[in-house]
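Presented below, as structure tokens, is a lone chain in the form predicted on its own.
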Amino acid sequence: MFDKRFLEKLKTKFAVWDKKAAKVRSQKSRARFFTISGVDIDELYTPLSIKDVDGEEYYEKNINFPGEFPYTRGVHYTMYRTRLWTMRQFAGMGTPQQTNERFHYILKQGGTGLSTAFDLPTLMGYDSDHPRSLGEVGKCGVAVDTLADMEIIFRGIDLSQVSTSMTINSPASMLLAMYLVVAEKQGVPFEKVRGTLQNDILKEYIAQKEFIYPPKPSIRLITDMMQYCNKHVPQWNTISISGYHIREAGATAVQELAFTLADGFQYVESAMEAGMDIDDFAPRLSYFFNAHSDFFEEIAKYRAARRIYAKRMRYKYGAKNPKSWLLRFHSQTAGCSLTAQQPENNIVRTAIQGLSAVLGGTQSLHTNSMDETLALPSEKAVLIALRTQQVIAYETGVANTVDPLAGSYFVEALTDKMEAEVEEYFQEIERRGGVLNCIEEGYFQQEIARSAYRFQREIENKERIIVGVNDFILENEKLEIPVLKIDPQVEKEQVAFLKKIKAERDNRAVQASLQKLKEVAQGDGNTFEAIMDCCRVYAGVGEMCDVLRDVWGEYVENQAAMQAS
């Protein structure tokens, strides 16, 4: 932050330096220097690189203190000096009993939060005995059919003492309802239940494709849940608006940020249209970002995210409560950056990515295991990933001060540039009629596809080096790490258990609860309350989803529109 007189002098000095540097510039190691997102990086950054530099005004408007608007430097005043980020390890595998064992292992090793992965049938709203579930039960996460499974997953875990994250979207209401009923049975007041539900259906249409219903009824499910939790589960984050999967699909850092925030603002508008006061629900919204490999670009992304969000929530949507201005986020290291070749290198990638998330001010962090590109992580790989976070927290010194990179000419310039490019995307999204229209016409999907294609071409042309993949290759490499395999017996056991539950439960009560859910879905009542009642009598996830399929139908992408865009 410098005065104009100094900047004029600096321009002259820079010109002199530039002439000297020109003598060796031709010897540079490669033709182009650019970020993973394709942003060209200048040779040198100085105060001249920061736009609208005007000392005091720039600092207060764009940087300011941690815990102060616009929160560029962090949402909390003292950040990690007071409390470290929550250290989560994504877990979920096979049967509920196997996942329970992994959860206990993670907590014993110092994990401070649980993060739950569900198998594909659960994610798509099918019970384990459905024909479409064949061969997928327990493979990419834990199988959850009824409340009985959720009871086993959290057996011996006090839900008043642990924060739980659940990665689930279309059937999110069903899984949260089951979790709350488990808390109910433990005698834990809902006021003490803490955690986060991904519940971001818009990004499913954009990137991950695990949708069931059309957008409008899907958003209704979310707003109904928000209304319930605002009244009864005040510490629960009802949506984790997720850029992670958008980035994994091939988006740039700017696209991840722009599309994710645009989704978030769509949820805000939908809740306000449903009659909710923004300051009643906004403090419980959270975000989920990808921690990729371009160290400084990622840090700038997180800083820009907080600034953009705070300004929009305050000035566009009129939120009065400062807590509504805060963008709180979880981050996970980039799964798409992991390589099957030389998998031990993934430990290094994950450490650097995790460090960028911490320097960017994350509230919680998941570090990927080195073997995740090959299979569900082994116990040893999970432990190394958790220890990576602990080394960052306790050995590197990065938690000793808040936002240590603030004031870096490079970081501030990159943060400003990212904010400006995100605003350009917002304008384009608005010009096209908003988020839902952009999804329908395939705009987001096409933008991501173009970026993914560019990135792949850079690898194939060796413009971008991926160690062990297109350079520094080991000849005749042999895989030497153990890979976790899910026994086919898991599916048989899960289906048998489901049949047992269905035979022993009160099926009259189940049918009555499902009928009530159907009536509520056809009308304008709160779907989440009806889902809670279904879960209490052990109705299956698939059974509840089938009721809503019958009422709302299933969403089919408009491929012609996407190709035309």
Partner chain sequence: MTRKIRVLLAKPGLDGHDRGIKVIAAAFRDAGMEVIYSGLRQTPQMIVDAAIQEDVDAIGISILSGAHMTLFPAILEEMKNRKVNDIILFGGGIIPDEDKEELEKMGVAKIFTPGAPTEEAIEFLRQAVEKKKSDEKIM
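Positions refer to the first chain, counted from 1. Only a predicted model underlies this, so the values are computations on that prediction, with no experimental measurement involved.
Not pictured, yet referred to below: the form predicted together with the partner chain.
Among the residues Met276, Ile465, Ala420, Ala452, the one placing a heavy atom within 4.5 Å of the partner chain in the predicted bound form is Ala452. For the options Arg220, Arg349, Arg312, Lys139, the one in contact with the partner chain in the predicted bound form, meaning a heavy atom within 4.5 Å, is Lys139.
Taking the partner from elsewhere, Pro189 is found to have every heavy atom lying beyond 4.5 Å of the partner chain in the predicted bound form. Although the partner is absent here, Glu557 lies within 4.5 Å of the partner chain in the predicted bound form, judged by heavy atoms.
Though the partner is left out of this view, Gly397 does not reach within 4.5 Å of the partner chain in the predicted bound form, counting heavy atoms only.
Contact annotation: Pro121 falls within 4.5 Å of the partner chain in the predicted bound form, judged by heavy atom distances. Picking from 83 to 91, 320 to 328, 298 to 306, 247 to 255 the stretch near the partner chain in the predicted bound form, with a 4.5 Å limit on heavy atoms, gives 247 to 255.
Along 437 to 471, residues Gln445, Ala449, Ala452, Tyr453, Phe455, Gln456, Arg457, Glu460, Val469 each place a heavy atom within 4.5 Å of the partner chain in the predicted bound form.
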